[in-house]
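Here's a solo chain for you in C-alpha cells, the form predicted alone.
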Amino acid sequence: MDTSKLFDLTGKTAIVTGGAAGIGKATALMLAKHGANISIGDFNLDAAKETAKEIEGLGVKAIAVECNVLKDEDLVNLVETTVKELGGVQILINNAGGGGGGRENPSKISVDDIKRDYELNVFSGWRLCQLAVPYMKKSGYGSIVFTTSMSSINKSPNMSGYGGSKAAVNHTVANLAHDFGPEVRINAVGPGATRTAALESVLTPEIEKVMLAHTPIKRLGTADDIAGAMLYFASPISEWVSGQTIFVNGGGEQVLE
C-alpha cells in the first residue's frame, strides 16, 4: 500500500457549504492543504471571497459562490458554477445548516420554525447530493460529508426540531450510502462543543468547567479537530467507509447540567 496517497486530494474539487467561516472554513483549508481545489458556497459572498483568496495562497484553485441553501436556484448554481470553473466535483461537504436549537419551546414556536430546521439541515444537503452525485460518478470518485450534531443523539428540552433534523441527517446518510455506492461514499461528522465564534460569544470559564465535567479529553474542540474528521472521510484512506456518523467530541458530552 502506498501510504503517501491516503490523504492526497490533488486534482480533486470540493464544494464546501458554509465555508466562509468556522468549521466550514477550517474544512476548506484542510482539504486545500491536501491538494483539493475548493468551491466556497456561502450566503456571505464577501467573506467567501476572502476565504477563497486565502486558499489560493496554498497553491490550489478556489472560487466563491454566493449561496443561500434555502434557495434551490442557488444550490443549482453552486454545482453548475463549480463544474464550469473548476472542471468537476468529487467532494461535497454539506456543512451549512442551523436552526433554533435550545429555543424550540413547542408551546411558543410554529410548524414553520420546525420546517426551517429540516430545510436547512436535511433538504438542502439532500438536494446538493442529487445535483453533485452524477458528476462524482462520472469522475470515478465521490465523497460526501454532512455536518450533523451531538443533538442528533442527545435528548434535551427545546430541541425537538433541530435535534430531530440532525437525527434525520444521520439516517439519511446511512440510507443514501446504498443509493450512491459503489462510486460515491457518504458519511457524517457530529461535532461536540467547538470553539467557534458563536460559542466564544457566550462562553465563560464557569460554563466551560461544567461542559468539560463529562469530557475525557479535558478541552473543548477546535474547528481543526472537526476538519480532521472531514478530511478522513473525504480522502482515499476511508475508501471502505460509507453510511457512517462519527462524533468528534473529546470522548464525552459537553452539557450544562
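What you see is a predicted model, and the numbers here were worked out from it, not measured in a lab. We number the residues from 1 along the sequence you see.
Not pictured, yet referred to below: the form predicted in complex with a small molecule.
- Heavy atoms within 4.5 Å of the small molecule in the predicted bound form belong, among the stretches 153-161, 133-141, 96-104, 174-182, to residues of 96-104.
- Using a 4.5 Å cutoff between non-hydrogen atoms, Gly243 does not count as a contact of the small molecule in the predicted bound form.
- The small molecule is not drawn, but in the predicted bound form it has a heavy atom within 4.5 Å of Val69.
- Although the partner is absent here, Pro191 lies within 4.5 Å of the small molecule in the predicted bound form, judged by heavy atoms.
- The closest non-hydrogen atom of Tyr232 lies beyond 4.5 Å of the small molecule in the predicted bound form.
- Here is the short version: of Asn187, Thr82, Thr147, Gln90, the single residue with a heavy atom within 4.5 Å of the small molecule in the predicted bound form is Thr147.
- Only one of Ile109, Leu120, Ala167, Leu86 lies close to the small molecule in the predicted bound form, with a heavy atom inside 4.5 Å, and it is Leu120.
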